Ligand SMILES: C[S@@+](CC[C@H](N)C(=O)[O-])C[C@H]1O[C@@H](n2cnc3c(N)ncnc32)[C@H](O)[C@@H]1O
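In structure tokens, one chain follows: the form predicted on its own.
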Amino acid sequence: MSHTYLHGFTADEQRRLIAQAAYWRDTLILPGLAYKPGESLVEIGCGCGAVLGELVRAFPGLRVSGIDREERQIECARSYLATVRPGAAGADLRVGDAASLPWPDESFDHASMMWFLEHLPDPAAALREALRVLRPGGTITINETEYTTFKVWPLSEDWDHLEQAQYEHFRRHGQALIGRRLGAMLHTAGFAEVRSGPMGFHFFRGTPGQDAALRAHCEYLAEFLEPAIPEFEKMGFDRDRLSRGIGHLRRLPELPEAAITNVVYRASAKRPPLG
């Protein structure tokens, strides 16, 4: 299963992914999870191990595995997890295809995907494979962004141009609207006890704490979007307008009544019991 990753696989991008996971740790990655010591988890599309790192910090007894199609990411994940927890250096990390996982049926207690299905031309195949490698009663947790929801105030046509470029990349190379589809897709793949819904992230000028949160979110998004400008330009978008869109984003925390909003969908489900 091929997919196109917007940012490539440089050391700088791997560091950005690790910082990104730390940013989302308490608001998106860990809420609702209750993994027990000795249980096993596979992250499908584990990249450089950024999310796995947060999981092994939070659940020291969890046995983790991961798969990614890019060897450079797996090499980084091995090195990174060894720094997070010495025992995690032995994590089962493999280069491979999400549509044909290399593990036997019923290998894991839990599965995880974060900002992965959005890159795939056929996300349903990855969900079917996740179901196969889960034990009966095993859980899956998925986080996906909705790429029509990045809105700012004050309005900016340059920001709108940048947002449209981001959306168009995922429309052409993956699944720009995968978030709203997660619940139904999990049902179709054969999962039970499916839960799925939007989580809104909204930041605005106000108290010092709110100002700091707004600034942090704008900087997080700028660090995600600015390196993508060359790819957006190749798609036909105007480089100067894209750069001005980044400028608007970075100035936002200083503008009167400034605010920014985006939506992430979080889904969870279980493999049904046998019989």
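What you see is a predicted model, and the numbers here were worked out from it, not measured in a lab. A residue's number is simply how far along the shown sequence it sits, counting from 1.
Just so it is clear, the following notes concern the form predicted together with this ligand, a form of the same protein that is not shown.
Only one of 245-253, 228-236, 205-213, 40-48 lies within 4.5 Å of this ligand in the predicted complex by heavy atoms, and it is 40-48. Taken together, the three residues Asp68, Asp97 and Trp115 all come within 4.5 Å of this ligand in the predicted complex, as judged by their closest heavy atom.
Of the candidates Ala189, Leu93, Leu120, Val152, Leu120 is the one whose heavy atoms come within 4.5 Å of this ligand in the predicted complex; the others do not. Remark: Phe9 counts among the residues lining this ligand in the predicted complex, judged by a heavy atom distance of 4.5 Å or less. This ligand is not shown here, and in the predicted complex it never comes within 4.5 Å of any heavy atom of Ala267.
Although the partner is absent here, Gln73 is a contact residue: one of its heavy atoms lies within 4.5 angstroms of this ligand in the predicted complex.
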